[in-house]
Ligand code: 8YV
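The chain below stands alone and is given in structure tokens; this is the form predicted alone.
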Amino acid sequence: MALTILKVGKFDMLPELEAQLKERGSYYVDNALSESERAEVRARTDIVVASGGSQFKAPDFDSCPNLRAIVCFSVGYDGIDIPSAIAHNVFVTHTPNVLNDDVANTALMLLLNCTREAKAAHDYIERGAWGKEPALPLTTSIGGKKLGIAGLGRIGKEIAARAAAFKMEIGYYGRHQQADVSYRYFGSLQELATWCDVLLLAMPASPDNFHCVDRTILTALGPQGYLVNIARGSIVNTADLIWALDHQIIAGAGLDVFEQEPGVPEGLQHRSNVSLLPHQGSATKETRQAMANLVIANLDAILQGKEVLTPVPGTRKI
């Protein structure tokens, strides 16, 4: 029986991965289909390819009665209705671990960019100001500062290891204290924000943490504090963040993710103390290839009746 594979959501995929998917069946892109075509394709879809930002909710499962698996080209899966996947006995896989290093590196890059105001220095040179205008203001060193990591998972631990090399003191907040971790634990996000100089978000998005970084948390972080987000835009109340920047409630921010991607509010732009990236945490050739390899390995395991390599927790393994 011919396999039908449907890509859901707007995200870039390596041409090599797309070619390998086409080798395994009839391949369609959901948002390129007309309404009538979409209904017909979904009725026979076996495999959905998604990303962390793809939305696949309960009605989508009903529209895909033959669905066997959702394979995510991402570590995140917050747009996928996992309870519905479990109820329909559908595999859901993702790509953890292979992107840990590059995302952790991106977090430190954002932190250094916003504390040392790298963009302002770059612009200073390009406009020919060096030697002609007053010297740039002094910036902030991260050495000796307190880094508070919200979400000490795989990526959070890699960030902590790198930050320790910069002589930062590490604390963390999570649902539970981790027995095998020596970093200081805080039982609430507000306690962590009050303690730290840099609040770094590395936790998965969930309904429970929607807009959990709000005016209260930003005020606790304080006028010498920096916010870095490499997790999900929904965790931060964007209006409150702009307010905090406008009123010098915090010192600056480094952001790789936003609430309404690809939209970035004007209030976050054109600030020397804010570093912005267009969701580029894992965007290296090496990491994206490793992610693609894991997508295919999981898909082939499903097709061959073997146990998948990286199932989303709680979902079907074989």
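From a predicted model like this one, the values you see are computed outputs, not experimental measurements. Residue numbers here begin at 1 and follow the sequence given.
What comes next is about the form predicted together with 2-keto-D-gluconic acid, which does not appear here.
Visitor: Considering I47, M291, V274, I250, which brings a non-hydrogen atom within 4.5 Å of 2-keto-D-gluconic acid in the predicted bound form?
Guide: By the 4.5 Å criterion, the partner-contacting residue is M291.
Visitor: Between N237, T106, T115, S74, only one gets a heavy atom within 4.5 angstroms of 2-keto-D-gluconic acid in the predicted bound form; which residue is that?
Guide: Partner contact (heavy atom, 4.5 Å) among the options: S74.
Visitor: Thinking of Y27, R68 and L299 as the candidate spot, does 2-keto-D-gluconic acid come within 4.5 Å of a heavy atom on all of them in the predicted bound form?
Guide: None of them does, since no heavy atom lies within 4.5 Å of the partner.
Visitor: At the 4.5 Å heavy atom threshold, is K145 in contact with 2-keto-D-gluconic acid in the predicted bound form?
Guide: Residue-level check for K145: no, no contact with 2-keto-D-gluconic acid.
Visitor: In the predicted bound form, is there a heavy atom of 2-keto-D-gluconic acid that lies within 4.5 Å of any heavy atom of L99, even though the partner is absent here?
Guide: Yes, L99 sits close enough to 2-keto-D-gluconic acid in the predicted bound form that at least one of its heavy atoms falls within 4.5 Å.
Visitor: Are any of the heavy atoms in R38 no more than 4.5 Å from a heavy atom of 2-keto-D-gluconic acid in the predicted bound form?
Guide: Contact check for R38: no, nothing within 4.5 Å of 2-keto-D-gluconic acid in the predicted bound form.
Visitor: Given a 4.5 Å cut-off on heavy atoms, tell me which of 283-291, 27-35, 60-68, 264-272 is the interface stretch with 2-keto-D-gluconic acid in the predicted bound form.
Guide: This holds for exactly one stretch, 283-291.
Visitor: Just give me the residues of 42-56, first to last, that have a heavy atom within 4.5 Å of 2-keto-D-gluconic acid in the predicted bound form.
Guide: Heavy-atom contacts to 2-keto-D-gluconic acid in the predicted bound form: S51, G52.
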